[in-house]
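Consider the single chain below, provided in structure tokens and representing the form predicted alone.
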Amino acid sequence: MIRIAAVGDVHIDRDVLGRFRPALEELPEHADVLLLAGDLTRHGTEAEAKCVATEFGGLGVPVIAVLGNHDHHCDEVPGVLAALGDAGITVLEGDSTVVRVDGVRLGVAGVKGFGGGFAGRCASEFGEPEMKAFVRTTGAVAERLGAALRDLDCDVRVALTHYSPVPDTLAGEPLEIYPFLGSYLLGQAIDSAPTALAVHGHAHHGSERGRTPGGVRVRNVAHPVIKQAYSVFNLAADNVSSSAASGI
């Protein structure tokens, strides 16, 4: 059994430092790895990323992350990545990593993702150059996620994104903003490999549980949704269950 802790949308800045840490200090007792589903910072500054590094570094388990839209806002992504990397946090964007847990190889593939909407109510690559560029961005991101998942040499696969791959976990958000919260193309990418679990953030007013069309379990781990420092998912090759974790 592999125990995966996950949380997103923590939006760390100096005034938030220390809020998560008490629960995180107990993390090795509850989980084997921690996944961070984007929006780690408030505005995407290097200074905020250093606060993230302080809060989520040195936890005694591997920490794997993707960035979110907030983490790109101030155009300081290189500095953000450097600060997280210095703390030993692995940041994925169209690539993957493998962690060994008691002899089992856990593979995590990750991308930030992008918007576009879902089957029947989605943007299409038609019309103005700006619309084509929008949809092509999502398509390229989804292709990288799918390739990263398929190329993994592991026993159990997990997909990590910021944007949602399914509409199920957006229930509670205004329908008008669904196209800006995720894309069905991410779900197709996840279904292109034998994936055990997909986790994402971004939808603060969404719902926790969903499935891809191919049956992959999807969990929205945005902090405003799970309302605790992290959720824990117990993975085996043929089963995924979830349990509560320490709140903040």
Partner chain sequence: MNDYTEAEVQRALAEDLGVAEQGITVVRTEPGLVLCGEVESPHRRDEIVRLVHERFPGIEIAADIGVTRAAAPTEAEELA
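In this text the structure is predicted, and so the values were computed from the model without any measurement. Numbering follows the first chain given and starts at 1.
Keep in mind that the form predicted together with its partner chain is missing from the display, and what follows is about it.
In the predicted complex, none of the heavy atoms of Q188 sits within 4.5 Å of a heavy atom of its partner chain. Contact between L197 and its partner chain in the predicted complex is found at the 4.5 Å heavy atom cutoff. Within this chain, R105 is remote from the site of its partner chain in the predicted complex, having no heavy atom within 4.5 Å. Looking at K50, you'd find every heavy atom of it more than 4.5 angstroms from its partner chain in the predicted complex. For the marked spot (K112, D151 and S192), a heavy atom within 4.5 Å of its partner chain in the predicted complex is absent from each of the three residues.
Residues of 3-33 placing a heavy atom within 4.5 Å of its partner chain in the predicted complex, in sequence order: D9, V10, H11, I12, D13, D15, V16, R19, F20, A23, E26.
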